[in-house]
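Heads up, the chain below is alone and in the form predicted alone; it's given as structure tokens.
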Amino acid sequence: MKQRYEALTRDLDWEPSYVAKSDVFPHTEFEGIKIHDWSKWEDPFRLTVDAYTKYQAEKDKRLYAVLDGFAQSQGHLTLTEASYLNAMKLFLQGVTPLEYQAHRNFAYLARHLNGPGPRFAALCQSIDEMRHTQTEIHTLSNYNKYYGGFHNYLEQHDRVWYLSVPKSFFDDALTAGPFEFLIAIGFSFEYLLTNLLFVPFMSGASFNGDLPTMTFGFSAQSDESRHMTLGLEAIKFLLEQDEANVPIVQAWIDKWFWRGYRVTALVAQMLDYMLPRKVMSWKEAFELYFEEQMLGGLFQDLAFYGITPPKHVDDAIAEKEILSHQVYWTLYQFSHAAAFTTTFPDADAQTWLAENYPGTFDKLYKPLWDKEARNLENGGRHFVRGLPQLCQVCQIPMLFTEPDDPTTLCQRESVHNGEKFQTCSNGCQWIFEREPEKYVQAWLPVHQIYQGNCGGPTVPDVLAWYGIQEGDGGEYKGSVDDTNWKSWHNAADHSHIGSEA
């Protein structure tokens, strides 16, 4: 079987005879990585195109059967409540376009990596990422028939302020070299952080009655196991080829861990605040999927090659008690300028938060919600009408606090060519100062609004330019989704009573 696999894949490769190899593969030398023998790349799955497509076709049949059954039975009415869908709006707007970006660049790697082994692995991942894009769009398109905020997601991904966070992450990776992209996406994102996105979040979908999202999530996760293996094989291959690769790879791990970790801040608040029925806290997920599995397992293995845990990992660990609360409080205040609504956490939700964050929630964040409760009692709702300062690197509003002091905002300042630039953390400052020429070019939504490049000077002008429609954002209670949800369920209850009579 191994010989047959070799014949169908690597033995089809050939050495160029009438052009230089550097002309055929021009993009794998400028990053400083040294590769002596591309044949040493190991493919643990040993897939062929025939086996791959048959396997994926079977998964698609099962997934689309679930989607059809859910749509025909009006399954959207079996969700815990419509507010749950705010998390799925964020997923469609922020994550699905990244799947397509990954498809494009893995296709690029499938052409430009020298060895046939990594080229075919990149090809399979490229097709996987396109499949994920399509299945996510098809899954969530059913909700677009009934609820706001799902339309126009591609244009919003390019324009809306909070979506510049995931977009800038992938734009950063796409504009790197091929080996850095492999570490950024194949290793740091797929291997270190993807479980924080797919496993607890898709379990949360199941807990809240969202069978289609759970199904596409775990269908995608079975591909992620292969992607994680590709990322691990990539890093081991680079480290084993030449000792000079070790410091280059270490610096990429340091950078892309922090960049990816900042993107998962959006996932943190989804788990703790946006799911009506909770499955696990962000803190619990972080401890299990990152601290225990990655720091306690993976990096102990990589120590053999001289690789150490990512720089600034201690800052990330220090934030696990406070991250989700800070991010949601910010989104709550700015959801009038978003394509999703936010909800005041009720007494049960606050009890759950206090139980899961005994050292921080009651002390630091419950007073904020108590104050907001008084606002609501008096007929108000707290929205910030100004524009927040953004981090030059991760592009998240400057909402994070000092690693050792959750009562003091963290703000770092760097100077490049006589101009000041602000970052949100030690990690983002280190990344900026390592490549300032790249990050001074960042497209920061707040700056663009002030420069008049986003439709006009007023909030309605900007929202129209974003493509956000009336009722998409703001407060969930009394929103279009909330009103329709209650109307549909009241009608269903009445028809049920009538049929029994």
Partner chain sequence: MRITAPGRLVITRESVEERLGREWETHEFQLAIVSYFGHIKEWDDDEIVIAWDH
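Numbering follows the first chain given and starts at 1. Since this is a predicted model, take the numbers as computed values, not measurements.
Beyond what is shown, the protein has a form predicted in complex with the partner chain; the following relates to that form.
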Within 4.5 Å of the partner chain in the predicted complex, do 283, 351 and 366 each have at least one heavy atom?
-> no
May I ask you to state whether residue 311 is within 4.5 Å of the partner chain in the predicted complex, using heavy atom distances?
-> no
Can any non-hydrogen atom of residue 305 be found within 4.5 angstroms of the partner chain in the predicted complex?
-> yes
Exercise: residue 248 in contact with the partner chain in the predicted complex, heavy atom 4.5 Å = no
Any non-hydrogen atom of residue 44 within 4.5 angstroms of the partner chain in the predicted complex = yes
Heavy atom within 4.5 Å of the partner chain in the predicted complex: which of 83, 356, 429, 195 fits that? Just give me the one.
-> 195
Exactly one of 294, 279, 410, 265 comes within 4.5 Å of the partner chain in the predicted complex through a heavy atom, and that residue is 294
Contact segment among 358 to 366, 311 to 319, 228 to 236, 265 to 273, judged by heavy atoms lying within 4.5 Å of the partner chain in the predicted complex | 228 to 236
At a 4.5 angstroms cut-off on non-hydrogen atoms, which residues of 187 to 220 are near the partner chain in the predicted complex? List them in order.
-> 191, 195, 218
